[in-house]
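Just the one chain here, the form predicted on its own, laid out as structure tokens.
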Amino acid sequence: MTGLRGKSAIVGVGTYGLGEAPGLSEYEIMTGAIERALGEAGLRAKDVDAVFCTSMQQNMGSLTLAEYLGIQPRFSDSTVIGGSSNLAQVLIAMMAIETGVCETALIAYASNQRSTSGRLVSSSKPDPYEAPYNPRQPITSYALSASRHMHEFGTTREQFAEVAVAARAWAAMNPEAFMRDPLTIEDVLSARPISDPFTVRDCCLVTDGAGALVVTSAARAKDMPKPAAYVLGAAMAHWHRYIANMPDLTVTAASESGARAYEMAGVKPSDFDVVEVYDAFTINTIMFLEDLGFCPKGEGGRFVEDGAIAPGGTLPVNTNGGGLSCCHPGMYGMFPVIETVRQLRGEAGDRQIDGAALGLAHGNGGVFSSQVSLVLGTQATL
């Protein structure tokens, strides 16, 4: 797999309808993001020969999207492994491009869940061994991991709150972010309880929104209008589907996907300038910082204290505001990738990290189930 290092690049990104997009269908807001991503790459829909689409509503998303765009691609994929799906599709696109199956891959996702229902819509069936306890998924599962982390390592509610406060501070500098009002630790702790130990501010947003990526070969990327973000490393891992089968409630398969992505890229955690992880809940950020090697297991809570991952802190994490404050349209995995690309291009405005050249985008699906890690870099990192 090391032969894939730097062979593919993201040459266009786009978002559309973040927050609320009333009156628009899933594919209408998806098309808005696609137009922007293709525009950045100087391409049109007819130039796309591979379509990747993840949908929470359509079980054949790529077929529907290609038909909607009026194109007939040589390759398509509708992978659904939860919120990590779009990152997994980057890995699939890399392999397809390198083997000559396609040249230009479009990866897209959208949800209009806030406008249509105001809540997460999922067709997942409960595990028969968990169903008798009437869990409120996915929050019950993540709350279980958070409780275990508190028990085993002494992690505190205040430390979870630090994650939410940091995300809001980044969101305050992001015009696309849905929630930008000031947030304090006390605000998080005193907010409406949802599932012990979480309050509503420990939980991701429910928003509309769409995102799209254009991926092509590194050779073709040199001729594109904007600087490319080269995929230096990519890896996937999953150890369970349902929380009852998670081997250890405090360790995720990110510990495997991250390590393999780093190996492909030839990097280590201390090399990263920006880190964008899937923060469906505050426990996610803490666990992923541990499992991805930024601090020892059990030290995540202490690692995020005193604004360490907030603007001006020691490690820029979720610089767009994350799923906690920027957007979370059903699945969030598309957006860590987009934010990483924007940071590497120097296009993040007030939240821009000076000299950002190496970024990590990490996706999570299910209940700490599927994990996908991508290492992205500028041309200088090749």
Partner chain sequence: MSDAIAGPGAEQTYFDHLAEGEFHIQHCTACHKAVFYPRAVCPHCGSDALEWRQASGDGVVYATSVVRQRPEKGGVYNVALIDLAEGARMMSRVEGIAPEKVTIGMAVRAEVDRSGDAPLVVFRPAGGGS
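Residue numbers count along the first chain shown, from 1. What you see is a predicted model, and the numbers here were worked out from it, not measured in a lab.
One more form of this protein should be noted, the form predicted in complex with the partner chain, which is absent from this view; the next part is about it.
S.K.: Would you check, heavy atoms only and a 4.5 Å threshold, whether residue 268 touches the partner chain in the predicted bound form?
M.R.: No - in the predicted bound form, heavy atoms of residue 268 and the partner chain never come within 4.5 Å of each other.
S.K.: Hey, in the predicted bound form, is residue 148 touching the partner chain, heavy atoms inside 4.5 Å?
M.R.: Yes, residue 148 lies within 4.5 Å of the partner chain in the predicted bound form.
S.K.: Using 4.5 Å between non-hydrogen atoms, is residue 72 touching the partner chain in the predicted bound form?
M.R.: Answer no; every heavy atom of residue 72 is more than 4.5 Å from the partner chain in the predicted bound form.
S.K.: Classify residue 128 as contacting or not contacting the partner chain in the predicted bound form by the rule of any non-hydrogen atom within 4.5 angstroms, answering yes or no.
M.R.: Looking in the predicted bound form, residue contacts with the partner chain include residue 128, since a heavy atom lies within 4.5 Å.
S.K.: Which one of 306, 181, 196, 223 is close to the partner chain in the predicted bound form, taking close to mean a heavy atom within 4.5 Å?
M.R.: Here the answer is residue option 196.
S.K.: Considering the partner chain in the predicted bound form, which of 143, 205, 275, 81 comes within 4.5 Å of it through any heavy atom?
M.R.: The residue in contact is 143.
S.K.: Residues in which of 238-246, 82-90, 283-291, 102-110 have heavy atoms within 4.5 Å of the partner chain in the predicted bound form?
M.R.: Among the candidates, contact is made by 238-246.
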